[in-house]
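As structure tokens, one chain now follows by itself in the form predicted alone.
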Amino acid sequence: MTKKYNMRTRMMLSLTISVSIILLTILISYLLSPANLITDFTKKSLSPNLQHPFGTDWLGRDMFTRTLKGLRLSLFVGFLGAAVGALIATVLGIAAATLGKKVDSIVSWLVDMFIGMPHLIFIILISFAVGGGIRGVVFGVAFTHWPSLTRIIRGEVYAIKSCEYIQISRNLGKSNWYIARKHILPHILPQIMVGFLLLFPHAIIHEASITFLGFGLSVQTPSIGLILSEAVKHISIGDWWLAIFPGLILVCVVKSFDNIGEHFRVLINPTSANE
């Protein structure tokens, strides 16, 4: 009799595949030799072959190496941006729900303002304000990706702060900081982790987007956005591989992170084991 897998088992399998794709991409990017990025005009604009699976660019550089090393940098920038964004969301979400109506009103106003502003425009403005480069992109991504998670955390904290154990702790004279650190934060930690994982793909996409538009990382810094931006100038002459392969790799990695976030959200729900 064929074993019937429940949803949790299928989720674990999909989660394992997604994590493996990301780890394998990062590992291979470290193993690839930087010598593949040296300009060699005798190999310029080669179509994909066994020696160069993603072909070469107009300077004879191996596109497989450029793509994976550029993606590694994009992952690093996306990780920092998502981590800082999740931290901001956690602090503001807890503050809004525990420090009174005035603080709640201020946080709600900030959330509405940031949600109402187009992401790309805000990222570009913040990036310029802090000096551009990697730091500018990280701050730009972080300061525009916290509002939605802040609302979720605020709602979670409001739901649990009236619980009996919170009231007992308050009656015992514990401070708001103690209650937030010992009782509230452990309870909302799964939501923070899920929020961080779901922020990650958005951060990577927005980093690639503003770099593609010329407002992100410098041309000396390899990233997926820069690779795709350069590919646009050469794809019209038939070098289709310069855009197709980096684009597909970006989509696969972003989708893997999205799957990890969605599956983790389901897996931390105990009722999913019986579905």
Partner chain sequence: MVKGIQYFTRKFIRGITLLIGLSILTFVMMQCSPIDPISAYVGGDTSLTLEQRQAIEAYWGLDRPPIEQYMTWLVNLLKGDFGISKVHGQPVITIIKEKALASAALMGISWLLSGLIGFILGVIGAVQKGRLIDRMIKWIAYVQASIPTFWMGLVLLIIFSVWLRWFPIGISVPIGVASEDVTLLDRIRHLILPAITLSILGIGNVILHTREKMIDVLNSEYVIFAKARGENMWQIIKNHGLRNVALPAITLHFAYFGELFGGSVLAEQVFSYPGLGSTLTDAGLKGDLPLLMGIVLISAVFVFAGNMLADLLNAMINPRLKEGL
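Numbering follows the first chain given and starts at 1. Predicted, not measured: the structure shown is a model, and the values here were computed from it.
Another form, the form predicted in complex with the partner chain, is not on view; read the next lines as being about it.
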- Task: Indicate whether Met117 is a 4.5 Å heavy atom neighbour of the partner chain in the predicted complex.
- Result: yes
- Message: I'd like to know whether Ser108 contacts the partner chain in the predicted complex, with contact meaning heavy atoms within 4.5 angstroms.
- Response: yes
- Heavy atom of Phe122 within 4.5 Å of the partner chain in the predicted complex: yes
- Item | Exercise: Ile205 in contact with the partner chain in the predicted complex, heavy atom 4.5 Å | yes
- Query: Taking Ser236, Leu248 and Val251 as a possible spot, do all three reach the partner chain in the predicted complex with a heavy atom inside 4.5 Å?
  - Reply: yes
- Message: Can you tell me which of 240-248, 60-68, 22-30, 47-55 lies within 4.5 Å of the partner chain in the predicted complex, counting heavy atoms only?
- Response: 240-248
- the partner chain in the predicted complex has a heavy atom of only one listed residue within 4.5 Å, and of Pro186, Gly131, Gly173, Gly100 that residue is Gly131
- Note on the structure: The one residue among Ile126, Ile160, Ala83, Ile152 placing a heavy atom within 4.5 Å of the partner chain in the predicted complex is Ile126
- Across 177-201, which residues bring a heavy atom to within 4.5 Å of the partner chain in the predicted complex? none
